[in-house]
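There is one chain below, alone, in structure tokens, taken in the form predicted on its own.
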């Protein structure tokens, strides 16, 4: 693997993204990403479902460049590359959003990206990756995709930009949490989607170090419970199979560093069904007037379902993290 990624020299597995590192990442990213807005969510239907005494604040990360939070991590990694490494190009593995983000990062930094995607990946995400200049290699399944990206890394000398693992990735995703701290009142709880854990770990690290008493909850698809199983077993696990509509939250395995940071900052992980994700997509559409992919509605699904009683009467934050879905799929899922 091309050092120093995803682990820098002198790295220890018990390191975690500090507020200083996250602030430095925000300065480093500069105008390559945008500071996405936050809003309070107030409507009668939501109040009926969760109680009128629960205040909800939403981080609208779907308005980020490329439509998800992913450029924050990918760019922060690539901005640390030495010039020869950057010139050789990068590679990545992704169901779509990280591929788009890596393609964007490669384009704005003047290099090339070769991304490996499952052959059943969303056609819109493939199209967006190609439009940003990425070369796409298709794999039969997520496990094969990770093997193929390692082969590209070794044969072509490209640097592997991991979709969710490594300190630089988490320092990048932490910048969204740092923004949120400065946008909303002090929160009692934060609900975050969790797949590989890159967003939940980085965002959670920023909030927990700013507001030590806050509870951080992760929301995971029932059909891809890699992180919750890892919590139960006390070590990163690999899944035998994946079955969820939230492909952005469906890595085949947990990785050691992101797992360790999640263990430090995440208080609990709950699981939601595909039906709960679909219902949450409808609530986000009618309540916030936003059309989002299933992963983008996962925090809402947790709020409306398994976490409703946990946060009742509290000031709670959620995130809408992505919106790369075509109209046909969106209509099919919410109808």
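Numbering follows the first chain given and starts at 1. Fair warning: this is a prediction, and the values are worked out from it, not measured in the lab.
There is another form of the same protein, the form predicted together with another copy of the chain; it is not shown, and what comes next is about it.
Residue 52: touches another copy of the chain in the predicted complex, heavy atom cutoff 4.5 angstroms: Output for residue 52 is no: heavy atoms all beyond 4.5 Å of another copy of the chain.
is_contact(residue 308, another copy of the chain) in the predicted complex, heavy atom dist at most 4.5 Å: Looking in the predicted complex, residue contacts with another copy of the chain do not include residue 308, since no heavy atom lies within 4.5 Å.
is_contact(residue 127, another copy of the chain) in the predicted complex, heavy atom dist at most 4.5 Å: Yes - in the predicted complex, heavy atoms of residue 127 and another copy of the chain come within 4.5 Å of each other.
Residue 32, heavy atom within 4.5 angstroms of another copy of the chain in the predicted complex: It does: once another copy of the chain is placed as it appears in the predicted complex, residue 32 has a heavy atom within 4.5 Å of it.
Candidate site 207, 270 and 312: all three near another copy of the chain in the predicted complex by heavy atom within 4.5 Å: No, the whole trio is out of contact, none within 4.5 Å by any heavy atom.
Candidate from 257, 217, 104, 180 lying within 4.5 Å of another copy of the chain in the predicted complex - any heavy atom: Of 257, 217, 104, 180, the residue with a heavy atom within 4.5 Å of another copy of the chain in the predicted complex is 104.
Sequence-ordered residues of 63-100 touching another copy of the chain in the predicted complex, heavy atom within 4.5 Å: The stretch touches the partner through 63, 65.
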